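Shown next as structure tokens: one chain only, the form predicted alone.
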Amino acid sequence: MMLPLGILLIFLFTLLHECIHETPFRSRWINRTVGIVIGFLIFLPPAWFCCFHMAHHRHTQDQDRDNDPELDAKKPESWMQYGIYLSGIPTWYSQLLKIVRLAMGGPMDGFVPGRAQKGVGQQARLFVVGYAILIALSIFQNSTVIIWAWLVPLIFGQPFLRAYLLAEHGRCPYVSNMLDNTRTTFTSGIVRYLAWNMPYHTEHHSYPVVPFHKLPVLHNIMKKNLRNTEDGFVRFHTDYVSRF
């Protein structure tokens, strides 16, 4: 059961993403509280991720000016890179290093505005303290629960999230038009439910203030204008690796 548990845990990332956009709940403080809990569970401080994600929305696929922070992690262009990418090893290494660096007061990323830097650092320090407390309690109680019910399932689930996220912009043109630089992937209702309707990704990037539950309606309005679509994630990855 660790594999389905891991998929459910790691795909909480999509709920964190929605909390950043403040669409799941009417209350701002509930969105922020849920975001903090999820960020703690998946080792991604929401204060930092909010700055990262807003920069990604403003400068999607902006390769010329290097303003899209998502482009810092290069997309795989060989079988070896593809395997390493899907393993999630670079993601875990980057996220854990980021938390430690922020907690220690290290240099901030350029997309983190001055007014947010203090909060970003404080949240990272709180995360580190929380993890230290959990480790200490586990050692004191001689318990391995957090390993088998949390950490190992996350490792098992990460490749599925990596495969999902690659379809959002992988092989899309480096242009400013959201209809070109983002992909909508047609998939099952289960995947759309798990990912909070984010497979409608072109729609989301074109109108990010539209809440997740209205994206199917927006899709029906925009579908004739969509330029980058794919019929399922298996077909996307089959096409992606065929170009290696």
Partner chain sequence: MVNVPQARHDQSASIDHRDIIRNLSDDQRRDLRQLSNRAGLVRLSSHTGMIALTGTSYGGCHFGH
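Residue numbers count along the first chain shown, from 1. What you see is a predicted model; the values in this text were computed from it and never measured.
There is also a form predicted in complex with the partner chain; it is not shown, and the following applies to it.
Discussion item. Checking a candidate spot here: are L15, S27 and A149 all in contact with the partner chain in the model of the complex (at least one heavy atom each within 4.5 Å)?
Written reply: So, yes: the whole triplet contacts the partner chain.
Discussion item. Can you tell me if R192 lies within 4.5 angstroms of the partner chain in the model of the complex, counting non-hydrogen atoms only?
Written reply: Contact with the partner chain, yes.
Practice prompt. Answer for F40 alone: is it within 4.5 Å of the partner chain in the model of the complex, judged on heavy atom distances?
Written response: Answer no; every heavy atom of F40 is more than 4.5 Å from the partner chain in the model of the complex.
Worksheet item: L9: heavy atom within 4.5 Å of the partner chain in the model of the complex?
Response: L9 belongs to the contact set for the partner chain.
Worksheet entry | Non-hydrogen atom contact Y174 with the partner chain in the model of the complex at 4.5 angstroms | Output for Y174 is yes: heavy atoms within 4.5 Å of the partner chain.
Worksheet item: Listed by sequence position, which residues of 131-146 have a non-hydrogen atom within 4.5 angstroms of the partner chain in the model of the complex?
Response: Result: T144, V145.
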